[in-house]
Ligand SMILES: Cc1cc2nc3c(=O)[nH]c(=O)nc-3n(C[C@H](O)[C@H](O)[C@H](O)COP(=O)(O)OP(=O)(O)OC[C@H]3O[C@@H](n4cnc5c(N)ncnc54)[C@H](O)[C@@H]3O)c2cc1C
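This document starts with one chain, in the form predicted on its own, laid out as structure tokens.
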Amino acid sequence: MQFDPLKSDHPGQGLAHPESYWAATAGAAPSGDGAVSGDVEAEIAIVGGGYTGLSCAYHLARNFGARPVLLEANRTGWGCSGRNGSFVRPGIGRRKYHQWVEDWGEEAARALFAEALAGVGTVRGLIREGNIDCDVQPDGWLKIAHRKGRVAELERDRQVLNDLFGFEAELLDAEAIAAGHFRGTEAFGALRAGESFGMHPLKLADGIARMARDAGAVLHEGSPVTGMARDGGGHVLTTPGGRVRARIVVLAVNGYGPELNKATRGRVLPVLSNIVVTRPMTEAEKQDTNFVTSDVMFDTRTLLNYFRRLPDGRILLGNRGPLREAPATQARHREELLATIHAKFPALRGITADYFWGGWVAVSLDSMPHVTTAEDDASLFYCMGYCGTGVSAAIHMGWRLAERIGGGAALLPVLDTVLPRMPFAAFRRLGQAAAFRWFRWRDERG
């Protein structure tokens, strides 16, 4: 089915997860509270059952004794929370570390990096607290220069990490990459650091869902919000099965439903991100590639490739997909992703793909997420615009939202700002097409 979040407020796909490697290997789904049936009264309603919404629901229930009502159009974890690239790392938004310093100064950049590191810690804490078995891999991430000219960019970020943030990172040359990580092309140097790991994203989402419900949150799946309205001192959320009245509403939809409310309408661009997973490598392919690393990896393209070796010896690789989720363009992109693996790892030129899927990430105008309240309504919270780096950021921001709602805690000033409106929002897809052509041309020039 074709779906564009700019044209529909909810996918309407039912309760089955889209086919993916994660869905095929996640195991039994957590129990929920069924779809909304009749009218419901709630102090806090959360729209969206991904990482942000689930984390917010859990922390509100556990830390503040609240009983939030979460509304998910499909299953919890149905969107990008259950079908992402599986990277937990200290990243917030799409700007490079040295750009944080250039844009906001050293003090704000240090605070933002501390928040990013805290996000990794939040994920580790939930996994530990909930005893979530989500295939956590050893620590390590690599940002790889795909052209010689991009090594200098990595050195700039290394200096910021080491000298300004006090965070250990090293610059590897091509020989070190080949000896200790993998042999392939497009690897002229790499920035390597810790405090990052790969895991199974749907198992993680399912684990947080179980924790949230056990703590007292109510999780209504199969309950898309088709309308929102103010009613006296509260909000009325309309679903196919009934209405939910709440004093406080949290919009945690990211790329799936940003047009639902005027507070977020026209303020993010949902962008399709696709992933291919190969068959397991043979022993000969493992030896020829020396693909021994479990680090999460991505290259220096603007439209970057992100990839990792999975625990069963498969290769996962993803990047930005076509403008729309049409079957023909998706089929072509599946082959393009597989060809990218063949190009990066010539020893895998005979490898085939067993899985292919995609999902919509939300890109903001300033390439940063925003966690705040609506301009004209302090009882309407939202957090979105993760720009494809949302695993630890979304889970952490869900916790920060719970702290704000339940205890009045302040949010980081850099992130507690209103999402800027996209210029000529009705023509976002045309702008995306032009930008993607420019990025692809620039990325291959070195």
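Quick note: we count residues from 1 along the sequence shown, nothing fancier. Keep in mind that this is a model prediction, so the values were computed, not measured.
Note that the form predicted together with the ligand isn't included here; everything after this is about it.
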According to a 4.5 angstroms non-hydrogen atom cut-off, is residue 207 in contact with the ligand in the model of the complex? no
Report whether the minimum heavy atom distance between residue 386 and the ligand in the model of the complex is within 4.5 Å. yes
So in the model of the complex, is the ligand close enough to residue 119 to count as touching (4.5 Å, heavy atoms)? no
Answer for residue 361 alone: is it within 4.5 Å of the ligand in the model of the complex, judged on heavy atom distances? yes
Only one of 144, 80, 250, 202 gets a heavy atom within 4.5 Å of the ligand in the model of the complex. Which one? 80
Which residue among 345, 87, 113, 100 has a heavy atom within 4.5 angstroms of the ligand in the model of the complex? 87
68, 216 and 380 all contacting the ligand in the model of the complex, non-hydrogen atom within 4.5 Å: no
Within 4.5 Å of the ligand in the model of the complex by heavy atoms, the stretch out of 164 to 172, 270 to 278, 179 to 187, 144 to 152 is 270 to 278
Where, within 231 to 260, is there a heavy atom within 4.5 Å of the ligand in the model of the complex? Residue list please. 252, 253, 254, 256, 257, 260
